[in-house]
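Next up: just one chain, as structure tokens, the form predicted alone.
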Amino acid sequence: MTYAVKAARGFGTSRLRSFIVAGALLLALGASFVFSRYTAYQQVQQKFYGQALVPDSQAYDFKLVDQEGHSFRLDQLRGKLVLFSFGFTHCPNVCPTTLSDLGKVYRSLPERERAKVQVVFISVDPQRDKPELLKNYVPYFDKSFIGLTGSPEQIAQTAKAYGAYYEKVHTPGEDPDVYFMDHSAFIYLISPDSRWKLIYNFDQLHQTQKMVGDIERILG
């Protein structure tokens, strides 16, 4: 075997070893990164009852219409902790239960902290949920609550930004005005500095004091 062949084979073996070492190093770094992220998540999550976003993110500044018919942006509530959900006024159980539970949470806060909290209900049914209907429906659960609607495009964009799902369910052949809105039932918590911090599922809402604890912790 010539020296050139031996050298080539040696070079190939050396490259293979280098690739193996580099691959092992990348796997180790990847595992370390995943572990550090998981550790960071655990450190944050153990402080809260709701599902924490780690890292948290800038809340999408939605542009909708309030129950008075005025333009409304999330940024108008900067300085307050915001709890909001998506739904519709013709909802038979999930939406009224959600608003009722949020009312209990809100009224369980000390009065000084209630002034720093705003509950918002965003309709995914703009065809029926006009501002005047929201004005009669949403404050029933607490006079401080705000109902929002908007154009189909505005609502779709807002829902997409928060990973919410909704769909009109209509039986073919029936009255087009008779339909149901299938939708996700999450509750979103935005901090006073407009950071999306937590998300709750529907089943968590009945634990009033645990939610109060989250709110008080974020308000500091």
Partner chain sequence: MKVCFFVWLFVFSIAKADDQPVKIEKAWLQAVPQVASATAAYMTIRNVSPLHLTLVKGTSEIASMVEPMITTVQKHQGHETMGMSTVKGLDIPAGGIVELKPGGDHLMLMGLLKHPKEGDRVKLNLVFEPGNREVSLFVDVLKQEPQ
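All values derive from a computational prediction rather than experimental measurement. Residue numbers count along the first chain shown, from 1.
Below, we refer to the form predicted together with its partner chain, which is not included among the displayed structures.
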>> Within 4.5 Å, heavy atoms only: does P126 come near its partner chain in the predicted complex?
In response: no
>> I'd like to check something about E68: if you look in the predicted complex, is any of its heavy atoms closer than or equal to 4.5 Å to a heavy atom of its partner chain?
In response: no
> Is there a heavy atom of F141 lying 4.5 Å or less from a heavy atom of its partner chain in the predicted complex?
Replying inline: yes
>> So in the predicted complex, is its partner chain close enough to P110 to count as touching (4.5 Å, heavy atoms)?
In response: no
> Where, among 89-97, 145-153, 114-122, 71-79, do residues come within 4.5 Å of its partner chain in the predicted complex by heavy atom distance?
Replying inline: 89-97
>> Looking at A185, A52, A59, L64 here, can you tell me which has any non-hydrogen atom within 4.5 angstroms of its partner chain in the predicted complex?
In response: A185
> Which residues, if any, of 201-219 lie within 4.5 Å of its partner chain in the predicted complex when only heavy atoms count?
Replying inline: N201, F202, H206
